[in-house]
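Encoded as structure tokens, the following chain is the form predicted on its own, with no partner shown.
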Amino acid sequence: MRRPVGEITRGTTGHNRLRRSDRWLAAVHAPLLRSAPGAPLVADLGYGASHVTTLELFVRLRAVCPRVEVVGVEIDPARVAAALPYEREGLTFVRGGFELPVPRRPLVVRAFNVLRQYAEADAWAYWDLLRSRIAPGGLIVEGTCSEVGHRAVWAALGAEGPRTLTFAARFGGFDRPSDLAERLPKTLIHRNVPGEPVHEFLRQWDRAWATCAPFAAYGARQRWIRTAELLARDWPVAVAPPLGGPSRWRLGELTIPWSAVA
């Protein structure tokens, strides 16, 4: 076997750590999964020391597309061996890395908390490698989250490149929106400095959050929704389903085109 591409991660994981991205993927991209002929394949890259988040992804996606198959991909052979007893019909685990040693091109690749340990140039290179591996019309969801999943940011990529950037947070789990900056993808986190678009976006998001402070009397959810409405006056925030609008905002999500912060 060829040596897997990549390095072993810390492997930190836990129940429901990735529920926010799972929820987004199942709701927003269920039509993509259901439109695929046969059994759409989803690869969960770098699932960590436990199989649990891959299993949760499988269960959540099966709820919206019963034909989906999920393959957990891990570079550490010991982690793969520990996950094998949990295989079932439609759910398997294999050793591998960014080369994605799966039986066919996956329609969706999820890679969470994988690229933070790499240099920015390497992160871009691995994005390119993953984009070359997905099926036509496929999707890559790459991002990071806090240890318990209360703060998360992820990019959605197609074969053509990055498409969107989504912020997600637990209400009460932050003081201001820019607290999520620590979870930016590797390709953006070092660009959160004055003069860069992502820094300006977060600065104006904080300002809109402060302006909407009176709505906190009705709860953090209402403040978040009003903040998104205000921010959308100056930024191309997704304001309509499936990526935006009140149905997504009320869950603590906000999505913008990648081009706005590139």
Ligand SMILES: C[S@@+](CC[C@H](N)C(=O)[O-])C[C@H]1O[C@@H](n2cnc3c(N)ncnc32)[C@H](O)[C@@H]1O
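Quick note: we count residues from 1 along the sequence shown, nothing fancier. Note that the structure is predicted; figures quoted are calculated from it, not measured.
The same protein also exists as the form predicted together with the named molecule; that form is not shown, yet it is the one meant from here on.
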Open item on the list: If we define contact as a non-hydrogen atom of the residue within 4.5 angstroms of the partner, is residue 79 a contact of the named molecule in the predicted bound form?
Closed with: yes
Task: Contact test in the predicted bound form: residue 114 vs the named molecule, heavy atoms, 4.5 Å - done: yes
Open item on the list: Does any part of residue 250 reach within 4.5 Å of the named molecule in the predicted bound form? Heavy atoms only, please.
Closed with: no
- [ ] Indicate whether residue 227 is a 4.5 Å heavy atom neighbour of the named molecule in the predicted bound form.
- [x] no
Open item on the list: Using a 4.5 Å heavy atom cut-off, which of 189 to 197, 57 to 65, 42 to 50, 205 to 213 contacts the named molecule in the predicted bound form?
Closed with: 42 to 50
TODO: Could you check which residue among 181, 123, 75, 135 gets a heavy atom within 4.5 Å of the named molecule in the predicted bound form?
DONE: 75
